[in-house]
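Below sits a lone chain in C-alpha cells, taken as the form predicted on its own.
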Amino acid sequence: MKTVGVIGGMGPAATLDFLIKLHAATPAASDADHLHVITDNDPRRADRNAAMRADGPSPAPSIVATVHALIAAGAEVIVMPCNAAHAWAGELVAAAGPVPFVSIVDAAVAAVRVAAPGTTRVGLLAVEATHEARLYHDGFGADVTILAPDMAAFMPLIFAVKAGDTGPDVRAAMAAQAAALVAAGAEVLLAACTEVPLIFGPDDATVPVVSATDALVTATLAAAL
C-alpha cells in the first residue's frame, strides 16, 4: 500500500468527510489493513474564489509548500479534496515531481460517464472559481454542456456549510438549486464542491447524482492499493 498525502483545509469539514469516506471504503479487516494517510488540514489557505477573480492572493504557494511537506513526510500519492483548488493543479504537479497526483476532476468526470453514459448536459453544483477556471468544461470536452446554478443563491449556501450550518433550510435550498438545474435540462448532477455532499445526495434529486468526493475516494484507493 502506498502512503497517501492529503492537501486539506478547503474546507476542513469537507476534508474530514473525504477521510471518513476513504476509511469506510478501504477493504480492511484490521487496523493494519488501512492506508497510511498524512493530512495537512490547513484552513488558512488563500480563498480560491477571490484568487480567481484577482481579488486576493493565490493559494498556490501554500499548496506547493504542503506538497513538499507531505512528500518529505513519506507521501507516495497526493490528493486534494477541493475542486476549485485544482485551478492551480499545474503548480502542484510540478512540485510533486515523480509522486503521482490523483485529480478530483479526472475522477469525477470518469464517475459521471459511468453513472450517466452518453450524457450531454451536466448540472455542475460548484463554486464560482471552479466554473471560472472551466475545470469541468475542459474535463468533459465540447460534447457536454455544463449548466451552472444561480451563483447569487448558491455561494451563500456553501458559505453557510463552511460556517457549520447543515440544517434543513440549507439542505432544502441546495435541493432547490439542483431541481432548477434539472428543470433546465441537466441529465446528471455533479456535486463538484466538496461541501455539497455534506447537505445533498442522490435521494435529493430525480436524476443521477455523482459526488466528486466519492469519486476521489475511489480513485485514491485505486492509486494507493
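Note that residue numbering begins at 1 and tracks the sequence as displayed. Owing to the predicted nature of the structure, the values given are computational and were not obtained by experimental measurement.
Omitted here: the form predicted in complex with another copy of the chain. The next part is about that form.
With another copy of the chain left out of view, the stretch that reaches within 4.5 Å of it through heavy atoms in the predicted complex is, among 167 to 175, 31 to 39, 180 to 188, 51 to 59, 31 to 39. Not displayed here, another copy of the chain is approached by Met1 to within 4.5 Å at the level of heavy atoms in the predicted complex.
Using a 4.5 angstroms threshold between heavy atoms, Pro12 counts as touching another copy of the chain in the predicted complex. In the predicted complex, another copy of the chain lies within 4.5 Å of some heavy atom of Leu16. Put simply, Pro156 is far from another copy of the chain in the predicted complex: not one heavy atom of it is within 4.5 Å. Proximity to another copy of the chain in the predicted complex holds for none of Ala94, Ala110 and Arg134, with the criterion being a heavy atom within 4.5 Å. When another copy of the chain is considered in the predicted complex, only one residue from Ala142, Val114, Ala73, Ala152 comes within 4.5 Å through any heavy atom, namely Ala73. Residues of 154 to 169 lying near another copy of the chain in the predicted complex, listed in sequence order, are Lys162, Ala163, the criterion being any heavy atom within 4.5 Å.
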